[in-house]
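Form predicted on its own, single chain, as structure tokens, below.
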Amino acid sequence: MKAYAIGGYKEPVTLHDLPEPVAGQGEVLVAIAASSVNPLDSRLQSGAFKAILPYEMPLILGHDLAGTVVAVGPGVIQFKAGDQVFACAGNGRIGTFAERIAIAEKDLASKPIGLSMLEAAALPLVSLTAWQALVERAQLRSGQRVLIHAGSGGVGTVAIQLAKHLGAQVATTVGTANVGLAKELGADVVMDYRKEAFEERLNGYDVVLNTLGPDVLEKSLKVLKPGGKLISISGPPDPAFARLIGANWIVRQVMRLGSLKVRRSARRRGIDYSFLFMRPDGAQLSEIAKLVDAGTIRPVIDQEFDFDATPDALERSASGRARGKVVIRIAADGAVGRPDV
């Protein structure tokens, strides 16, 4: 099987010929038609998470997939060969920059009917992140106000649409070239971060979803009202996350100290700070697929790359200039395109 992998942390992504995956108990073998790139892929490549997410080498990168089921393992009841699916791979079993993958049945969902494989592959990780931040963690309600940073990014483009569906008033920060896109997605307040300081304009917000660095994180505390929630997917990880992953004592202390400043600042203001690390969830993806087919959420695709240009796709995503998602056309054991192709 052809796959793009790294032989060690900080090494380049190269094409490998690796053993064929086999569907085990509760797993489904999927021929991957398309994948997409997330910032997490580059961070794993750099070794940023090696203390908490140990992987064996060579490591196939990639979390998102859309494709066709080719075989099922023992105990699988929801899917059969020929089903079109999409998913986010995780829990130690990533690797979607490849022709095939064996993935847990519980992480899979039926592909949205109206999307191509490429379009569907753009959604899993970012839509699950938005769902778990806004629906699960923030419990965002109609009439509340939410600030979503980097509204033109992969997570931001989906989060804006989901927040509007939930009835919230949405503010977002984007670059000059993406003001129009943010408005098109439904944002009520769009701020060009090059021209305007969001912390000076906004106040009394219920929720902030942060995808940016520590300077933005600190400033975000100023726009929240007491009882508000600051949810960050870019860190710093907090003690609750350390407990969730069963981290050892050293890692727990590192996370405690690393998040101490923001947690103290949040506590003084009566604000709840938490770090969110997305988890795969097929049931949540099924709910997201319903919203997609209803026209409530649509993927935003920046650029398409062929499988042999996977390193270029990673480079494009890492540039920070992508609008929405960078997708990869793999087309193994099946056509990429509309469902009727």
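Note that residue numbering follows the sequence shown and begins at 1. Fair warning: this is a prediction, and the values are worked out from it, not measured in the lab.
Form predicted together with a small molecule: not shown, discussed below.
This chain appears without its partner; in the model of the complex, the one residue of Asn178, Ser116, Ser259, Gln161 with a heavy atom within 4.5 Å of the small molecule is Asn178. Note on contacts: among Ala171, Ala150, Leu217, Ala266, the single residue with a heavy atom within 4.5 Å of the small molecule in the model of the complex is Ala150.
Taken together, Tyr4, Tyr55 and Lys106 are entirely out of contact with the small molecule in the model of the complex: none brings a heavy atom within 4.5 Å. Contact annotation: the small molecule lies within 4.5 Å of heavy atoms from the stretch 231-239 in the model of the complex, the single such stretch among 231-239, 247-255, 69-77, 199-207. Although the partner is absent here, Leu18 is not a contact residue: none of its heavy atoms lies within 4.5 angstroms of the small molecule in the model of the complex. Among heavy atoms of Gly154, some come within 4.5 Å of the small molecule in the model of the complex. In the model of the complex, at least one heavy atom of Gly320 sits within 4.5 Å of a heavy atom of the small molecule. The small molecule is not shown here, and in the model of the complex it never comes within 4.5 Å of any heavy atom of Phe305.
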